[in-house]
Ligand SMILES: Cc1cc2nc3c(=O)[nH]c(=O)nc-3n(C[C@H](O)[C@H](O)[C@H](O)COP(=O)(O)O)c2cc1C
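First, one chain by itself in structure tokens, the form predicted alone.
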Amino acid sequence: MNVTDAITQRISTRAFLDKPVGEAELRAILDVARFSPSGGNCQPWHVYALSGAGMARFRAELGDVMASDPMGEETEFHIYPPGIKEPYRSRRFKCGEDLYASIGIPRENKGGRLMQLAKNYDFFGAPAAFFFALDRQMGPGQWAHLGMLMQTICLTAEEMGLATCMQEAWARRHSFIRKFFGVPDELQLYCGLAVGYKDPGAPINSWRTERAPVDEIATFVS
């Protein structure tokens, strides 16, 4: 698989097969992704990997927490800007509507939509995951570098035949994640990343988000 194929074929997978992914595969992914670009070679990130018995324990302990706190806590940062403007608001809205349409959940079915949202906290059935943290001293530049690392991880996984889904929903469970992994206070948790084998028969994996054409997102001067 070449880079172009990996980029264009990858989607945010939201239904995974019951097929294990172990520490060896996660290590192999990170062994490649550690060469991601990093300004000044600071490498300001830390990655927490989860699979096997650790994943089983994570799910069990999270289940106890969610039973007493089903809505989760306030995030430490805004996932999207308050009052997000156009065209970003419409793009985000359409993304959500297309997702629910793919699995036949209309807008008025609030319960069904909440149940689908809750699947985030089971990694959509994925057997493995990464969580990402960044030193709190770092600013927007280093957040961008973390994004480069995450994209490299996703493309490396794609080359290995694995599927991924970046999950900002975990920002509402940051205290639990911090306690589970023993994350030091100086690190800011960002999000999770589900890793596994895509269920090709799941309708939710059959749609793609639309992308703006090149002339809408770029200016050329020649």
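Here the structure is a predicted model, which is why all the values come from computation and not from measurement. Residues carry their position along the shown sequence, with the first being 1.
There is also a form predicted together with the ligand; it is not shown, and the following applies to it.
Candidate site formed by 28, 43 and 45: none of these residues places a non-hydrogen atom within 4.5 angstroms of the ligand in the predicted complex. Heavy atoms within 4.5 Å of the ligand in the predicted complex belong, among the stretches 134-142, 103-111, 67-75, 116-124, to residues of 116-124. Between the options 166, 183, 55, 49, the residue in contact with the ligand in the predicted complex by a heavy atom within 4.5 angstroms is 166. Residue contact check for residue 209: one or more of its heavy atoms lie within 4.5 Å of the ligand in the predicted complex.
Residue contact check for residue 190: one or more of its heavy atoms lie within 4.5 Å of the ligand in the predicted complex. In the predicted complex, the ligand sits beyond 4.5 Å of every heavy atom of residue 205.
The closest non-hydrogen atom of residue 95 lies within 4.5 Å of the ligand in the predicted complex. If you take 1-38 and check each residue for a heavy atom within 4.5 Å of the ligand in the predicted complex, you get 10, 11, 12, 14, in sequence order.
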